[in-house]
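Presented as structure tokens, the chain that follows is alone, the form predicted alone.
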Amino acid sequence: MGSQKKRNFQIEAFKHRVVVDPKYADKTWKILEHAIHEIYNHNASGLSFEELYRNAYNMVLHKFGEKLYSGLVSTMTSHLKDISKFIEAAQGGLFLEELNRKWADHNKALQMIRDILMYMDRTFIPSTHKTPVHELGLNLWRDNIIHSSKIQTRLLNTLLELVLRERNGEVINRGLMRNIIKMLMDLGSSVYQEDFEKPFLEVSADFYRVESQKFIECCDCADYLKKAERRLNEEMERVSQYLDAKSEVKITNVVEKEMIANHMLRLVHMENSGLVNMLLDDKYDDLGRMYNLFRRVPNGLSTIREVMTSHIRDTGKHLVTDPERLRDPVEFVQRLLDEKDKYDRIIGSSFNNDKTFQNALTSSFEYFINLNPRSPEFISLFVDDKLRKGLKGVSEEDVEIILDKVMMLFRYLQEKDVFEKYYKQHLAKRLLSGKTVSDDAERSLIVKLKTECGYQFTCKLEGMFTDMKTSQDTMQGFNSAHGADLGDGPTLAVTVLTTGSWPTQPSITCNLPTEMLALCEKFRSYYLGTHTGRRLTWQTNMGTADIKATFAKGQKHELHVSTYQMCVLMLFNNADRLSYKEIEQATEIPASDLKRCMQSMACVKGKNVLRKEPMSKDIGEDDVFFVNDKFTNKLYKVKIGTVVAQKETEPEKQETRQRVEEDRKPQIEAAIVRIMKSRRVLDHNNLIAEVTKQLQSRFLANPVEIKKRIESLIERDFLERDNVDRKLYRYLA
């Protein structure tokens, strides 16, 4: 059936030979050619597009497609040559307008011509691989107009001239520019790039090179950056208004290179206005501008970061080594916190909270805070000051903020165990004197320390709080058991301290007044009766007392004194005058403590309940003391402090240091054993590196000390040296 159909079709198709008028093609083309002329001459309204379409259709059908196509090319070319003459003749500013007008006309004409020749476009052109009508029209426009010798250079120069005028602040016809640039883009990306973009970028680079040189000679850093930022924004806006979007990256790269990258170091180090001056004067906006501009160029941010880091390190180093600043530990730490706040604000508001800048700030603080070996002590003194009196009337949130800041400084310390030593001493004094502002704040800080360093670090500190609570319960028990026996005599408040938890110094117990001895003995027998297997040692150097005193003219006061001061004052109940030697003999208080104790009672104005001969600021071995009958004070209760250095004296410092070193030994040994147990065999250098790493959360271990501990462990048969390689250690189970 299918073959029958096929045969019928063949017979029908070729039965009669179709004879075409030999002049048919020429006649038909003449009609179409006339129509194209009319379209270009704006007389298309009188044409019958249906008839023209049919004519073009028939030409293709009768195999005259080639004639039609070549006729179209030559007709359009001749029209475009005429058009180019028109455009060339346009003077001055009319040149672009004429070009724009003719381009619009050409596009309209092209649309109509394409409609007429639609059949050729769809059948003949694909089969012969020729250029479609619309594209052909664009190519002919490019070759005959844009690349015409008299138009090409003139067009480029006109466009660049307009851009330059706009850069210099003149207003130009952006709509016209947009149309012309779009025309170049419509003609193909290569036309836009070769005929406009490349030269535009070269001219821009020259322009900004000259301008940046001019600016850098006459402006300070902040002004220069403002100008650079403005130029960058202008170029981006220019692209959005009338250039190809792909040009944005290229033109901004030009501005960045010429205005920023090429002058980066000079800007950062500019005298009186560079980065360091901005940091000193908290110029947040200028710093933010510098950050945003420099981040656009290679190595821009690292340049800012390096200068900032070296500045912070220099100021920090000066801060922690300046002897003037070391006089007041609280002020010293406050300055560190202020410095940290300052740079946190700068990084937050100007440097986009950049992690790399935060890390640089952290490493700078770690560097200079550890330059001063007394930093751990000073940070503890700062906490002590705040928790004694500095946090009175401060809200809970603000207390937390202050404690968090202290913790931040604490993290920077390499010798955290030294801080712990001092913190324990200061906490003990606060708890025993009842001077802490807030138990919650104390506990909050201990929780923070525990989170940071683990239970090991804070277990003794927590033990101190436990002792305080237990002591209150013990005293309640003692008072209810013996309260009736005490009558009007002296009363006692005892705090029982667990030896391992508190920083107790081995102190010589002084001779207490007889009135107190009986009471202390009563407490001892009560306590040992309720707790078996314990030993009590009185720490008279840590206690306080309230005593009532009557001076001449019946003037009465209640004096709040230390235990040592009480022992001295009670002697004057039985003597009018006592020499220093007699007091020392009677009380057996250690000489250094006794001198401080006498100094605070005889040499401090307003607190001088005693007088001495000869009158001087220091206490001598031959001084004689007597009660100051003329003592007066507005208050009934008078607190007589002890003259103490807030910071440690040199011997005390050495002693603390020694205690710290002693405490480190077992920790280093434990770390060595832990590592060797898991690794079994390890060489010397790797073992030292591992130990240092394990202990760095508490302190920076000294390699010499680690070596000594290894030797000690070898002597005690925990480790042995390899027989062949002496630098290799083996673990002995």
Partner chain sequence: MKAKKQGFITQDEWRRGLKALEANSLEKLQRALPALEREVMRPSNFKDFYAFAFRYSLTEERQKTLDIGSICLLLKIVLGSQFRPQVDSFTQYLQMQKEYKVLTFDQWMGFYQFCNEISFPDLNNYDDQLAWPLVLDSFVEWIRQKNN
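Positions refer to the first chain, counted from 1. These figures come from a predicted structure and were not determined experimentally.
Below: the form predicted together with its partner chain, not depicted.
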(message) Given a 4.5 Å cut-off on heavy atoms, tell me which of 31-39, 700-708, 48-56, 64-72 is the interface stretch with its partner chain in the predicted complex.
(response) 700-708
(request) Answer for His684 alone: is it within 4.5 Å of its partner chain in the predicted complex, judged on heavy atom distances? (result) yes
(request) Decide whether Ile714 counts as a contact residue for its partner chain in the predicted complex under a heavy atom distance cut-off of 4.5 Å. (result) yes
(request) Could you run down 718-732 and flag each residue that has a heavy atom within 4.5 Å of its partner chain in the predicted complex? (result) Arg721, Asn723, Arg726, Lys727, Tyr729
